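Before any questions on binding or motion, here is one chain by itself as structure tokens, the form predicted alone.
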């Protein structure tokens, strides 16, 4: 089975709030001097791909759009066991909206040849638009299943475990197919072995431009969507940590209730048991 996983490099979501800033020109997050990582849901998609490959065999390819430093996330995928990675880098790709992003990725996927399965995270860890996966399917004119947690081989196709707000459903689908992946205990990202990381550092990563993947310049010229404004939310709420005192559980409970009453979180009628 030939599988492509689309990975996005983003600013580390765990970075302190004070480090976030908005570029006044692009109205997007300023990435300068910040730690960059693979979008978390994309790593869940990588794990789904690896488990499928382990069971069925086949080829795994990682795709990303970005500047040269975005090869970091491709080498991370190579260190996990992917066979190949491709960087899509061109000035026209910078600050692409979801429609452009999906178009670029779909053109690269077509260049790779017949693909059975395209995986993406259910949403990116920065903009959280949840649109690129379905838009890739639209570009390729194939089916799409969203919010999947696991995929396994089934008779004449794939069985896809899809999470719902009130439970889950099992779907049967035949490739080619796009599937977006959520975080789940069944697809927690594995840790790469040191020797594989060292080997991935030596593996060549091709760079494809707009010309290489046959971008339609006229279609790509006018963005269907533009970010008008983006702001960083700053909270003024004070945070503090306090120890609950007491030798017994009952004494600790009384102290906790007293503190909650002092902050007017509990009413005076509340009594500890």
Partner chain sequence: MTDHDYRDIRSAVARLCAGFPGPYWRGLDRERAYPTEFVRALTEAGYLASLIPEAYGGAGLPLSAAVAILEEIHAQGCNAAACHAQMYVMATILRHGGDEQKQRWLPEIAAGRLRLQAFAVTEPTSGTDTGALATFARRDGDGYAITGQKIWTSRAEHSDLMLLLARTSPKDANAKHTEGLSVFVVDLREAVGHGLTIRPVRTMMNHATTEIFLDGVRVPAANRIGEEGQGFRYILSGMNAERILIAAECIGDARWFIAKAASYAKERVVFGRPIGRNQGVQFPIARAHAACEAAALMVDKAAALFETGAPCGAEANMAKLLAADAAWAAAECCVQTHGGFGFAEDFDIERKFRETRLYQVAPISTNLILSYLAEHVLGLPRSY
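Only a predicted model underlies this, so the values are computations on that prediction, with no experimental measurement involved. Positions refer to the first chain, counted from 1.
A second form of this protein, the form predicted in complex with the partner chain, is not displayed here; the remarks below concern that form.
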Just to confirm, with a 4.5 Å cut-off on non-hydrogen atoms, which of 191, 170, 128, 141 contacts the partner chain in the predicted bound form? 191
Of 182, 186, 145, 197, the one that lies within 4.5 Å of the partner chain in the predicted bound form (heavy atoms): 197
Report yes if all three of 11, 39 and 166 come within 4.5 Å of the partner chain in the predicted bound form by some heavy atom, otherwise no. no
Please determine, with the chain shown alone, which of 197-205, 131-139, 118-126, 154-162 has non-hydrogen atoms within 4.5 Å of the partner chain in the predicted bound form. 197-205
Would residue 18 show up as a contact with the partner chain in the predicted bound form if we use heavy atoms at 4.5 Å? yes
Within 4.5 Å, heavy atoms only: does residue 100 come near the partner chain in the predicted bound form? no
The partner chain contact in the predicted bound form: residue 89, any heavy atom under 4.5 Å: no
Can you check whether residue 76 is within 4.5 Å of the partner chain in the predicted bound form, heavy atom basis? yes
